[in-house]
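In structure tokens, one chain follows: the form predicted on its own.
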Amino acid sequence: MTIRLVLLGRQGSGKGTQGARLAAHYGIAHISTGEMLRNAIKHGTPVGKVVKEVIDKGGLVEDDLMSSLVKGRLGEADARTRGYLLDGYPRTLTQAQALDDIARARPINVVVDLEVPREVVAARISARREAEHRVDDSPEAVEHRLSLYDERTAPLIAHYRQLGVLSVVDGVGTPDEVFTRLVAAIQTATGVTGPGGDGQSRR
């Protein structure tokens, strides 16, 4: 089967690392909206200029803009035929409802919430800021973004639980330990046992 996966989790939870690893494992497209936005900023596109101002203040990019970017990306051949992992979208209930519409013809198979306590991700981000000098990781911006996550993204958990596609995975541990838990959760949810879409879907 084709895996269509959403990976949720706080900033600093390891979504980027695990998302890339899972995408490679299953041979699916890794669609990181954060990477898409950073590339837009780097190249100074009109979208990038708008996004930079929002991100520098620790805010979330406007729902319609994010949904438009994601819709375009999911329409590309690799996402349509091989499947995909969405990392960084949706972040609000409005975005989730937009994704429900975007993916109506090829619905999401599983939504994984990579659960890492707030104090743990704050410590990880602080270490990353010192190592990489990330502008969007200033203490004020990080605190604001984590608060926004709790306020706006948490309702997604209830939304996807109600749809019956949610799996919660403990994100604390070594990268290998977390990856093993993620693969097990995806197998339980979809019946896919490994790379290439092995196994049978239970959905």
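Because the structure is a prediction, the values reported are computed rather than measured. The numbering used is simple: start at 1 and walk along the sequence shown.
As for the form predicted together with BIS(adenosine)-5'-pentaphosphate (AP5), it is not shown, yet the points below apply to it.
- This chain is displayed alone, yet in the predicted bound form one of P139, G34, G27, P155 has a heavy atom within 4.5 Å of BIS(adenosine)-5'-pentaphosphate (AP5); that residue is G34.
- The partner is absent here; in the predicted bound form, the one residue of R124, R118, K71, R106 having a heavy atom within 4.5 Å of BIS(adenosine)-5'-pentaphosphate (AP5) is R124.
- Although the partner is absent from the chain shown here, G12, M66 and R128 each have a heavy atom within 4.5 Å of BIS(adenosine)-5'-pentaphosphate (AP5) in the predicted bound form.
- Heavy atoms of V47 never reach within 4.5 Å of BIS(adenosine)-5'-pentaphosphate (AP5) in the predicted bound form, leaving it off the interface.
- Interface residue remark: Y84 is not counted as part of the site for BIS(adenosine)-5'-pentaphosphate (AP5) in the predicted bound form, having no heavy atom within 4.5 Å.
- Q162 falls outside the set of residues with a heavy atom inside 4.5 Å of BIS(adenosine)-5'-pentaphosphate (AP5) in the predicted bound form.
- Although the partner is absent here, T193 is not a contact residue: none of its heavy atoms lies within 4.5 angstroms of BIS(adenosine)-5'-pentaphosphate (AP5) in the predicted bound form.
- For the stretch 146-182, the set of residues having any non-hydrogen atom within 4.5 angstroms of BIS(adenosine)-5'-pentaphosphate (AP5) in the predicted bound form comprises G171, G173, T174, P175, V178, in sequence order.
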